Every structure is written in structure tokens, then in C-alpha cells.
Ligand SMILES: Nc1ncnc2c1ncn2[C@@H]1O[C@H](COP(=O)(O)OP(=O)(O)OP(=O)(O)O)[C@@H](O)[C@H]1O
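Just one chain follows, in the form predicted on its own, and it is written as C-alpha cells.
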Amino acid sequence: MNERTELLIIDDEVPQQKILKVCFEKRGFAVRTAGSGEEGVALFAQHRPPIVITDLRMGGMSGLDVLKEVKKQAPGTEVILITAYGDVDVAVDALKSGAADFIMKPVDLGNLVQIVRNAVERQAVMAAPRQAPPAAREPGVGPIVTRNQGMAALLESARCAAQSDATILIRGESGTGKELLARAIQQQSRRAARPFVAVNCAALNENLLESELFGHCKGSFTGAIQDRIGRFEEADGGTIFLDEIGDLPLGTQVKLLRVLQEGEIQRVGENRTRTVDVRVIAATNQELERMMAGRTFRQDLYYRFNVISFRLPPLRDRRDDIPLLAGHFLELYAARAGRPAPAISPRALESLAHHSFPGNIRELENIIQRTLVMTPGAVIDDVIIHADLGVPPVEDIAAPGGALGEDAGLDDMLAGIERREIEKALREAGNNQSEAARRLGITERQLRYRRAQLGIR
């Protein structure tokens, strides 16, 4: 750790202030202290230390006020909050407002030191000169598409982080592209030519998860008929992506902590340890801070994961990206179907722009994929988009010979639209099934199946 790193501690409790000062001076920091928020902000304006530790609740200016003022003066400053158990929700909101991290009282000095080390590492990573990114080497993984300023800034930070081996935590709702970002980081790193191994931590129970992560030796449990390497050994030299870490059982959390601290794993049923060289990227859609308060996620593991953190915005906060993403998915799936990509009508784009997208980018991708199948022509209109979004359709979406009633469900709406498009394609193809399938962008086998399902002769 750099002996010249400056640190400002703001706390109105003198005993704790002194303990923290001694703790960090012993570790080579140049420490200044303040007994109030007002004094702390004045000291910060004078010396501009890169890291600030502040109590959340103080007489007069609060820790949140300090955070806002410090970020106003120097946005790159790492601000760490000390909070009581009952203030966890406030601290979580502070993280979203730019705080680097927080720690709950009573303060565990080991965890606080780890938090500060993370802050030092983050600043070193972001200050390091950028290297030219290597060409993407994994087929099927394209660039992240955006024109949103906030997302572009996040990607620029991710490119900087890719040049280091620091552990990364990616946060965001389901469907926001956490694994895609993880893969993009790996492709920009020195490990780009090495394995990228993804593990869904929510998909397996505790016993199977440990075997999946760390491997097992023959006879270690019923069904272990041979030695098997785990995903960490499989990723040796490369990157492991641990998705949904909020679902990790507490027993597995302890063993993961050892990997992150020592770079060592132990197969199930084996006494020896094995060294692995792996860059860890983790992801979650849960608020780990609340889980720590509820004692379902270990604080020490959280601080090991949270070295560099990115929070992906939901699609509803990236509405300017919806036309770009829709066009991207259209080109992608049209190319796979071997057909030209249709255009999206302005009314259809408007319908998409007003949708809330609870499933985020994954939901948009699925909508575009389904819509492409249902659109044999050159333009996607808002009729199909409305139906796919569950919005009452505009005029005349029912199949000829049988209008949909007002109480029809979404499945009925989609079936009616699909029936109409298939019958239209068959008419235009002179009832030639191969030609109709080509116009619809599906295989002849798929067309036969859908005709049977919909009763189209």
C-alpha cells in the first residue's frame, strides 16, 4: 500500500476517531481527523485527500451531507460511510448516490482496512494508462450497443478496470446484460485468449455447487465415480463469472472467501489445496448490503467482491437506447434466419419507447425475435408490437373470419396475428408451403407445425 496515501476520518466520537487514526497510521497512511462534518468538509477543501471515512450520523452536518459536498468538489474521491444497523437502507441509497462503500457498527477493523484497500486499488486502476484493447477472441460475443451517456461512461470505466486483475462486482436487475459486460471486460483484458467460465450460483444446491466450483475426488460422495475438476480449475489463467452470488449458501461463502484471499481451492473429499490463477467477476440482482444486515451474506466476502463495482441501469433508464438495441437485435436474428432485416415503423418504435420493460434488454430481445418471426414483410408495424407488449391492439388485428373479442387474452391475440400472417403468406405463395416458409423467415418444418397447431389447412 502506498505510504503517502492520504486519508480523512470524520467522526464526532473521539474514541473511535482515535482508534481509526492509529489503525491506518500503522498501515502507512497519512491520516487527518475531524470531529464534525463541517470541520471535515473544510479540511477536505484544503487538502483534497483521495479517501474519506465519515460517520453517517453526527451532530450538525451528516455523513450524507459530507458525501454530497465532497463529490461536488472532487467526484473521484472515495467516500466510505460508517453506519448503525438501523441505517442500512440509508446507506444503500448513499451507495447509489456515489458512496464507495459502507461498514456497519461495531466496526470490524479488518473489514474496514479491506474496504480502504479496495478504494486504493480502484483509484490505481482508474489512473493507470489505458492499453490498446485486444481484438475480441470469443465468437458470438459482440460489442455492447449504446448511445446513452451514462452507459458510455460506465463502459469507459470498465475498459480501464479490464487492464487490471481486480475483482469486479456487477450489479443490476435481471436482463440488464451483466454477463455480457463481464465477457466484454474479459475480452479487453490480458486474459482474453484464456477461458471464460460462467457459473449460475442460483441453479444448484449447496452440495452440488461446491463440487461444481471446486471439483471432487473419486468416492467423495455417492455418484462420485471419478475425479472431476471444478470450474475454478477450468478457468485457471482466465476469468470466472459467478452469477447470482446473492444466492450462495453461507457454507460456500466461507470457501469462496479463501479463494479470493489466497487463490487456493480444495476439491470436495480431498485434503490438499490447489493454487489457481483466476480473475473473478461476480454479479447479483440483489441488495447485498441488506443481506449483510440480515446475516445471510458475509461482510468479509462482500468486501472481497466489492473491489470495483458497476451498477448497470435498467432499460427504462436508457430509453434513448431502445431504437438502437431493437435495430441491433433485428439485424442479428434476421441474419441468422437468412433474410433481410425489416424496418420498424415509427409507431412501433413509439410503442416500444413507452413500455416499462420489467425484463429489461432480455425482454426487448425476446420481443424483437418473436416479432421477426411474425413479420414476413419489409416493415414491422405497431399491431404486432402492441400485441406482444400486452397493450390493446389497434384496429383489425383479428384473423379473417373470426374477430377477437374485447376479453381475449394475449395468447389469443398472438394466435390471431400468427394465423393471419401465415394465411397471408400462403395466399401470396400460391399455397406453396416452401415459399410461404421462406417469406415468413422460418423453416418448412416449423410452418407445418404451426399450421397443425392453429388448424390452418
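Each residue number is its position in the shown sequence, starting from 1. Computed from a predicted structure; not experimentally measured.
If you look for the form predicted in complex with this ligand, you will not find it shown, but the lines that follow are about it.
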Heavy atom distance at most 4.5 Å to this ligand in the predicted bound form, all of D165, E262 and R304: no
Residue contact check: S174 to this ligand in the predicted bound form, 4.5 Å heavy atom: yes
Touches this ligand in the predicted bound form: F329 (any heavy atom, 4.5 Å): yes
Partner proximity in the predicted bound form: V373 to this ligand, non-hydrogen atom cutoff 4.5 Å: no
Exercise: E179 in contact with this ligand in the predicted bound form, heavy atom 4.5 Å: yes
Stretch from 105-113, 355-363, 342-350, 210-218 whose residues place a heavy atom within 4.5 Å of this ligand in the predicted bound form: 355-363
Option touching this ligand, based on a heavy atom within 4.5 Å in the predicted bound form, out of M292, C201, V120, I144: I144
Proximity to this ligand in the predicted bound form, single hit among V88, L325, V125, L95 (heavy atom within 4.5 Å): L325
